[in-house]
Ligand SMILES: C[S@@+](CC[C@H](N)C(=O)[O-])C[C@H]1O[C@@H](n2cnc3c(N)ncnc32)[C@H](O)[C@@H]1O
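There is one chain below, alone, in structure tokens, taken in the form predicted on its own.
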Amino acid sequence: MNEDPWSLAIAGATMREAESGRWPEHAWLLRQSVQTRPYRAMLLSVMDVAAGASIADVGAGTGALTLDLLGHAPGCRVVALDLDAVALEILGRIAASLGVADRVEARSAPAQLTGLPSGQFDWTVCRYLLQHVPDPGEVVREMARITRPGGRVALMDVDDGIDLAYPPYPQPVKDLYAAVGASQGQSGGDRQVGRKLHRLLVDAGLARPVVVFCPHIQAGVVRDPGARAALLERITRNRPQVVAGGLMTPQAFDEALEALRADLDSDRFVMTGEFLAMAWR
């Protein structure tokens, strides 16, 4: 993968924070954001964000998308919103290390009640947020409110229904993925929100919605140690919720995790992906 200097600088600064030991609860998220940067680049390539644009990143977390946007649209300014004050502190540190702290404003606020003025932003975006909230429509309506007339709202999220694998996964691995998705549903999330993004935009009163599917394709053995570690860490972090929700016993989870670990050596074609949906205010 050929990457531009800005993307490489973000990856380096992000990994330094992940490995610093300062953020034990967020290090996994930082490592994952480095692994998923090619997919963000693919999404940004179909978003014509103009230089100097004003942008709200709703559910910004540690700022993976915020930082990408700062390089993608020179001179743009981003308001990064999240309830996680520690994640925003990490974003501030990375932005400062890259020399762009003056173009980022971090605010701790709920996605459905940002407290921002109406009609303020050229773009209002969120990525991997709607799968976690009990009422995505409420969030999208708030995003529409703070976007200026003629501006755009962009929603980026996953859909577990888009999962092609050949040869098929072993049954324990299928059971593990299903349990993790069901656990998110038990807590009010939705791992199939991707197919609903178009309707969410329409219901928020936005015009001319466009939907793009960005595939993630693995062909062969998963050789990248970073990709392996990020996947296993993400799944492992769901163990308490899966067990507490009665979706798997501790023993079944651990056995399925070992099956997944072994399965990463399989020569397999896999396609998953995420949806980008955009519409005009």
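Numbers follow the displayed sequence, beginning with 1. Because the structure is a prediction, the values reported are computed rather than measured.
Omitted from view is the form predicted in complex with this ligand, to which the following refers.
*Asks:* Can you check 168-176, 80-88, 93-101, 195-203 and let me know which stretch has heavy atoms within 4.5 Å of this ligand in the predicted bound form?
*Replies:* Going by heavy atoms within 4.5 Å, the stretch is 80-88.
*Asks:* Applying a 4.5 Å heavy atom distance criterion, does L129 contact this ligand in the predicted bound form?
*Replies:* Taking the distances in the predicted bound form, the answer for L129 is yes, it comes within 4.5 Å of this ligand.
*Asks:* Tell me, yes or no, whether W28 is in contact with this ligand in the predicted bound form, where a contact means a heavy atom of each within 4.5 Å.
*Replies:* Within the cut-off, so yes.
*Asks:* State yes or no: in the predicted bound form, is some non-hydrogen atom of A60 no more than 4.5 angstroms from a non-hydrogen atom of this ligand?
*Replies:* So A60 counts as contacting this ligand.
*Asks:* Considering non-hydrogen atoms and a 4.5 Å limit, does this ligand approach A144 in the predicted bound form?
*Replies:* Contact check for A144: no, nothing within 4.5 Å of this ligand in the predicted bound form.
*Asks:* If the cut-off is 4.5 angstroms on heavy atoms, which of these, A230, M248, I55, A64, is the one near this ligand in the predicted bound form?
*Replies:* None of the others qualify; the residue that does is A64.
*Asks:* Please pick, from V210, I162, A182, A109, the one residue with any non-hydrogen atom lying within 4.5 angstroms of this ligand in the predicted bound form.
*Replies:* By the 4.5 Å criterion, the partner-contacting residue is A109.
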